[in-house]
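Quick setup: one chain, the form predicted on its own, written in C-alpha cells, and binding and motion questions come after.
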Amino acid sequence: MNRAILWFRNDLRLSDHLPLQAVLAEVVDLVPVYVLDDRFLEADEWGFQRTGPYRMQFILECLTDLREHLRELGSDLLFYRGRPEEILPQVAEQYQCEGVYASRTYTRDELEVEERLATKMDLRLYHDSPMVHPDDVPFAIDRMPEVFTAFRKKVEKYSHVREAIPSPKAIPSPALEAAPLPTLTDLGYPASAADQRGVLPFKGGALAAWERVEHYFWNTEQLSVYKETRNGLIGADYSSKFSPWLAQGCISARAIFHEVEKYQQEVTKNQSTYWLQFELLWRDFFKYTAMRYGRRIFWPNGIKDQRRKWGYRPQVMQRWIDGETGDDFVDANMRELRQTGFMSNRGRQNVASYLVHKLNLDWRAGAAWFESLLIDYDVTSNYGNWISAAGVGNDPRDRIFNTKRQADMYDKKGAYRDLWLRQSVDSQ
C-alpha cells in the first residue's frame, strides 16, 4: 500500500500508538485525519447534548496539541466535521489513499460507523485502547470472568502489559491542505469561564498528560500515598486525575502502567503504587465487558437477565441535575459536575446510587447526563459503572450507598459541601 489514512479517534497521541506503528511499517506515506462526528453533538433521547462544552473544549485542545506534534514530525492533521463513513472515502479519493488505519472501538455507535466504512474501504483496526491486549488475556472474550476480582486475578497471573512504543522520529505525508481547527464558539457552544473551585484546570493534549504524570509521580510523589488519598473530594492531588487524558487517548494506559513500574524501582513500591495499576485494570475490565456483551451494556436490564421497571420523572431528574435534591452531599457533587465537568469517583458512586435507589429513576438518564457533562467521559467506563450502580451489571451485589454516612466519612467537617453549596465563585 502506497498511501493510507491514519484515522484518529480516541487516541490523540503519537507515542505508543498501535495503528500509527502499523501504518509506518506498511505504507509509504500517510494522511492523518480527525472527523468530528456530528451525531455526537446532537441531543440524545433524554434531551441532553451528547458532548457538552467541557469535553468539547478539552478535545479541541487535544487536537491542537496533536497537530503541533504532527507538524514537528513533518506531517499535519486534517480536521473535518460530519460522518466518518462519508468523509473518509472522500479524503481517500482526494489524496489517493488505498486504506484506513485506526484504533478499534467496542461499543454500538462506533462499531456501526466501522461497519459502514468497511463496506467502502480497506479498514484495518488495532486494539490500541486496552492496557492488556486481547491476544494476551488467558480466556476467550465470551468466557471472560464476570466479576472483577476473578478477572483481575487471572489477568495478573497469566497476562502481561506490552511495552510502550516511543513516538516516531518522522511521519512521511504528502502536501496536506489543513484548515484551521474550530473554536468552541465556531461549533455553536457558548463561551464559558472556568470555575475556580474546580479540582484542576484540565488542558487537553499529550504534552499536558505527561506534565500531569511528571507532577503526580516525580515532582510531588503523590503516587506513594494514592491509596490513602484517592477518596478525597477537594484539590488537585487527592487522586491522579489521569482519566480525561486516558479517555481521549492523549496517553496510553500501557505507558502509565510502565511509568508506575519505573516509580516502584526508583522511589517506592507499596499498596498505593499497586493500586493505580489496579484501577487501570478496572478500566480494562469495562472494555472487555463491552467486547463480550455489546449493546447489552446500554439496555435497561444491563447484562443481567432479571427484569426491572425503571421510572422517569423529568422534574425529579432536573432537581438531581441541578443539585437541588435536599441531600447536601449529593447536591454538592452534582453542582461540581455542572460547574466544572468533573466529579470524584466517590461522588459518582453516591450520586448514581441516589438516583437509582432513592429517586427510583432510570439509570440510563443518569448515564446520559454524565456523558454530556464529564470531561473524562469514556463510554465503557461510564456505562460499566452505571449498570453496576443500578444492580444490572457485573457486581453480584446490589450496592446502595448511604449518602449521609458517606458524607460523615469523607467530608467530616463539611468543607466540600461548603465549597459547592455555600461559597460563590466570586469568593474564590
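Remember, it's a predicted structure, so these values are computed and weren't measured experimentally. Start at 1 with the first residue shown and count on from there.
Omitted from view is the form predicted in complex with a small molecule, to which the following refers.
Heavy atoms within 4.5 Å of the small molecule in the model of the complex are found in one stretch of 59 to 67, 33 to 41, 46 to 54, 370 to 378, which is 370 to 378. Site annotation in the model of the complex: the residue of Tyr95, Tyr101, Phe286, Tyr354 reaching within 4.5 Å of the small molecule with a heavy atom is Phe286.
Of the residues Ser75, Ser129, Thr340, Gln349, just one reaches the small molecule in the model of the complex with a heavy atom at 4.5 Å or closer; this is Gln349.
Contact annotation for Lys358: none of its heavy atoms lies within 4.5 Å of the small molecule in the model of the complex.
The closest non-hydrogen atom of Arg81 lies beyond 4.5 Å of the small molecule in the model of the complex. In the model of the complex, no heavy atom of Arg197 sits within 4.5 Å of the small molecule. Interface residue remark: Ala208 is not counted as part of the site for the small molecule in the model of the complex, having no heavy atom within 4.5 Å. For the three marked residues, Leu246, Trp282 and Asn345, a heavy atom of each sits within 4.5 Å of the small molecule in the model of the complex.
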